[in-house]
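The form predicted alone is given below as one chain in structure tokens.
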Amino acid sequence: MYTKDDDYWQKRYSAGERIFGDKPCALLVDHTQLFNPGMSALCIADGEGRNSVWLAKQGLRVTAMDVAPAALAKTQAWAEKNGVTVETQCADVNDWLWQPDAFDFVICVYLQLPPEYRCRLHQGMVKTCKAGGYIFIEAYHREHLKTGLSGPKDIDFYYHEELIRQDFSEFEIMLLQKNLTTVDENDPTQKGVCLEFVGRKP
């Protein structure tokens, strides 16, 4: 989630517990067959490392980026506990320097940005993804707003299918669908609505 308060996520991740749990995003697990040892992955705004550490356990060389030092400290602790190495980089996604053709996988999970920042994010993801590489996005679908569960209040922050087709027009769409998701910050019996995208760069 986007916020103008630079300290919001630092304060939140400074809490003792792991806010979003330990399990990786199911979208990644469902595509385990794509992740081969020695391949590289960038996890954008990865928080406490639930996704980056899981990828490292598959044998990938992983870079986890997040704006909050407290989150990255938790990532390093989680990586150590799981016997793997993850490179961490502290940066705001809006200031990240996107290296061209740098990663086999570029992964962004539940980063809800306003349109102008989201456009820049997607352009950077395309730039840094290698030819033949993959982009994974899971984020709240605009229909999630109707649920009343946690998430931005402005519909412009939400994803929809046409947005993906427009911003990743050169990609082969491997998966693009709405799905129900459990929102960890709410009653686990309540379901949110997410968009799942996996695209392959030619």
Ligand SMILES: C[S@@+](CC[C@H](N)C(=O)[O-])C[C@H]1O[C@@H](n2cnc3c(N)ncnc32)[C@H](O)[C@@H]1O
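What you are looking at is a predicted structure, and each value in this text was computed from that prediction instead of being measured. Numbers for residues come from their place in the sequence shown, where the first is 1.
This next part talks about the form predicted in complex with this ligand, which is not shown.
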Fill in: Which of 129-137, 46-54, 145-153, 160-168 lines the interface with this ligand in the model of the complex (heavy atom within 4.5 Å)
46-54
Worksheet item: Between the options 99, 82, 123, 94, which residue brings a heavy atom to within 4.5 Å of this ligand in the model of the complex?
Response: 94
Worksheet item: Even though this ligand is not shown here, does residue 78 get within 4.5 Å of it in the model of the complex, heavy atoms only?
Response: no
Discussion item. I'd like to know whether residue 65 contacts this ligand in the model of the complex, with contact meaning heavy atoms within 4.5 angstroms.
Written reply: yes
Discussion item. Residue-level question: is residue 111 within 4.5 Å of this ligand in the model of the complex, judged on heavy atoms?
Written reply: yes
Worksheet item: Since the partner is left out here, which residues of 20-39 would have a heavy atom within 4.5 Å of this ligand in the model of the complex?
Response: 20
